[in-house]
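In the block that follows, a single chain appears as structure tokens, in the form predicted on its own.
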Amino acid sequence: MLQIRIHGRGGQGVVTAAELLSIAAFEQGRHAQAFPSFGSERTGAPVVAFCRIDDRPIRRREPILAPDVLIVQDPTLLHQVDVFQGLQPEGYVLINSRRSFDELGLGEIADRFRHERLITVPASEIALEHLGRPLPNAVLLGGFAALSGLITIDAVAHAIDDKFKGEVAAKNIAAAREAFEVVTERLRGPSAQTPTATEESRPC
């Protein structure tokens, strides 16, 4: 089972991101569930949402305490909330930022995990370019598809088109595809290897 925890703030579409991931998983023939952590829903307040993906029916309903994947939509949370709590040693981390992990003050944390599974992408800037709003949720899913290989960018595009319609969907898809290309290019660097969806990396 693949367990994903998404951190962000109210108004950034955190819950929608989890829903889109679950739709993308369904598109690939898997079982999935998405749900939020209930609490303050005011704009700007910290928000957490969860997504589980498996090849078998999912019966768990509790919050995810030991995620395989962390997606951080707002980097201002990094030193306010322990977003890395419970992250599995082989976990993936995707942060919405133009800065590196070292520049974000996360060098010591990054040393505990596999460097090729940790990456940042300027999702808000990409969203602003395509949507006219710095809404990072769909953009980050494109980046996650490239980082992990656990879902495809076409499945992400399908999920966006299912959730939104018309021009809004088209712009979000374009933004997600740009993030996919940005992350793919960064993973081709000399010190990184692009993870692929092997039998070992698929949810079990």
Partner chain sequence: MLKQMEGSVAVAEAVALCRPEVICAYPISPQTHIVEGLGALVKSGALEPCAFINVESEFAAMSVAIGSSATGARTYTATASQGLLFMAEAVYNASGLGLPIVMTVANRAIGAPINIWNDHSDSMSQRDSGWLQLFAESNQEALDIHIQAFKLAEELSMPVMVCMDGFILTHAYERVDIPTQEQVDGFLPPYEPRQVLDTAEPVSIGAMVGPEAFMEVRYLAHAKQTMALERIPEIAREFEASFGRAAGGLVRRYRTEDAETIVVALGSVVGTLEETIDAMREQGVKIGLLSIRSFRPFPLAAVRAALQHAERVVVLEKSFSVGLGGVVSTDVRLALSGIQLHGYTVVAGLGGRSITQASLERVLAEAVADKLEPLTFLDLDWGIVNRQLAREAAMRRSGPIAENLLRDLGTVQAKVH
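Positions refer to the first chain, counted from 1. If you're wondering where the values come from, they're calculated on a predicted model, not measured in any experiment.
Beyond what is shown, the protein has a form predicted in complex with the partner chain; the following relates to that form.
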| field | Sole residue of Ala157, Ala175, Ala146, Ile64 within 4.5 Å of the partner chain in the predicted bound form, by heavy atom | value | Ile64
| request: Note which of Gln88, Ser100, Gln85, Thr76 lies within 4.5 Å of the partner chain in the predicted bound form, where distance is taken over heavy atoms; exactly one does. | output: Gln85
| query | Would Phe35 sit within 4.5 Å of the partner chain in the predicted bound form, counting heavy atoms only? | reply | yes
| task | With heavy atoms only and a cut-off of 4.5 Å, decide whether Phe164 touches the partner chain in the predicted bound form. | result | no
| query | Should His31 be counted as a contact of the partner chain in the predicted bound form, where contact means heavy atoms within 4.5 Å? | reply | yes
| field | Residue contact check: Val182 to the partner chain in the predicted bound form, 4.5 Å heavy atom | value | no
| said: Check for me: heavy atom within 4.5 Å of the partner chain in the predicted bound form, for each of His7, Arg42 and Val81, yes or no. | reply: yes
| So which of 148-156, 135-143, 56-64, 166-174 is the stretch with heavy atoms within 4.5 Å of the partner chain in the predicted bound form? | 56-64
| said: Pick out the residues of 1-24 whose heavy atoms come within 4.5 Å of the partner chain in the predicted bound form. | reply: Arg5, His7, Glu19, Ser22, Ile23
